[in-house]
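Only one chain is included here, represented as structure tokens and corresponding to the form predicted alone.
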Amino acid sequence: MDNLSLLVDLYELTMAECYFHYKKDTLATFDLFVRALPINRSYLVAAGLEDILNYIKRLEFSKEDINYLRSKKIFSDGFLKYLSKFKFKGDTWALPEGTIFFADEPVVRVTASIIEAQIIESFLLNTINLQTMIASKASRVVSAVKEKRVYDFSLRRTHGSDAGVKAARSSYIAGFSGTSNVLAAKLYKIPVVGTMAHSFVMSFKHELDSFLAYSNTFAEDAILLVDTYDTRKGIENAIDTGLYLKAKRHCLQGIRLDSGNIISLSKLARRMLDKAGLKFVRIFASGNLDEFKIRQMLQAGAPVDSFGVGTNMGTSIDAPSLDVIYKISEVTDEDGKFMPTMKLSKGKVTYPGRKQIFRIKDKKGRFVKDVLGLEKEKINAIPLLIKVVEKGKIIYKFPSLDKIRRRLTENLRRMPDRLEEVCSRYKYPVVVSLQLRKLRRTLARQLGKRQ
């Protein structure tokens, strides 16, 4: 879809209609953040900013959009006329993609007219939820494989075509070496990889015939799927094919194990390949893998060289959504002065005011804790939120995906080692500044009295 202006929840527009009549000139600041980390997550990876900025840049309501809204007989002609000329003209601050962050820390901060800030809410939440969720899961997989390679095989199991493309991009940011998704590879210049399916093997009368046909067609890139029938016999047929290619001065790239006990089967395959003089042939594993299964395999000494990870990463199966929210933190009064505000709902109290994340490091450059504070506080630390949109204009230069990958690698390198452990219970310290805590207490009392 090129035009995403109606990709909003209806209440964004009904609230905007009321703002149009009662608070048209009001400005507000909203924070997008994750309320709590999911189980099995000790950190999150910021992803999705590029799509958000492209959305803000292109956002406008077409004549067709306006006619559709008019047909609903909900909105006034004055408001629809306003929407027909709508452009985002506010400011946006955000964490660069590839930045490690934690609960309660703003990923995106928007200051704009309250109508503009409200209308973009749903797209921002949708985008950050999906791409951050997948990048965070994929980062855990990369940590589990250590120095080995891992590839995105998730397209057929992701929740829709767009999610499949974004999963490939998000996993590449996290450190995956490539994707099977050809469209994502084209769009984002990601290395594209592939092997063969069981249907290919089954379409030939003999398994060996399928291996030879594929290897003759792709003499330097063949990876043979050996577990369609009997896996040991499949490995033997792959060895025969590898020796055939070797005699023709080509190299069989690898074999793939997709089912069964991959720990024992990979050990068997390695012994058989080495004995046949095919030590250069790699062993590729796939089949409902995730960081937990991969860690178990490697701890058991499975000689697997590369992994294909699909469903469990592409759906973030153990944490399929984030508690990501978008809350107002300040709003202008009748005189145009920004006044802090906050939510007081039990268990959902928010932090007021315009905030910044300050990351503190030790003398060796290692990160030791984050401070969530007010934007103008003087804290001797690295401020993480950067300005990306000014008065509606994109001022952020999009980095390459490889640069984003390096940012994440550098972030993790400087974080405590325990953070990357697959079953880590380590909680990175995020503290709230004295000024922000004081403002929250004072404002809570004032709002309670006001109500």
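Quantities reported herein were computed from a predicted structural model and do not represent experimental measurements. Residue numbers run from 1 along the displayed sequence.
Only in words, not in the display: the form predicted together with another copy of the chain, which the text now covers.
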Within 4.5 Å of another copy of the chain in the predicted bound form by heavy atoms, the stretch out of 41 to 49, 22 to 30, 387 to 395, 414 to 422 is 22 to 30
Is it the case that Glu64, even though its partner is missing from this view, gets within 4.5 Å of another copy of the chain in the predicted bound form, heavy atoms only? yes
**Asked** Is Glu116 a contact residue for another copy of the chain in the predicted bound form, using a 4.5 Å heavy atom cut-off?
**Response** no
Is Leu289 close enough to another copy of the chain in the predicted bound form to count, meaning some heavy atom within 4.5 Å? no
Leu408: touches another copy of the chain in the predicted bound form, heavy atom cutoff 4.5 angstroms
no
Answer key: of Asp104, Asp91, Asp370, Asp258, within 4.5 Å of another copy of the chain in the predicted bound form (heavy atoms) is Asp258
Interface check vs another copy of the chain in the predicted bound form: of Ile379, Leu298, Leu243, Ile325, the one with a heavy atom inside 4.5 Å is Ile325
Across 124 to 160, the residues having a non-hydrogen atom within 4.5 Å of another copy of the chain in the predicted bound form turn out to be Leu125, Asn126, Asn129, Leu130, Met133, Leu155, Arg156, Arg157, Thr158, His159, Gly160
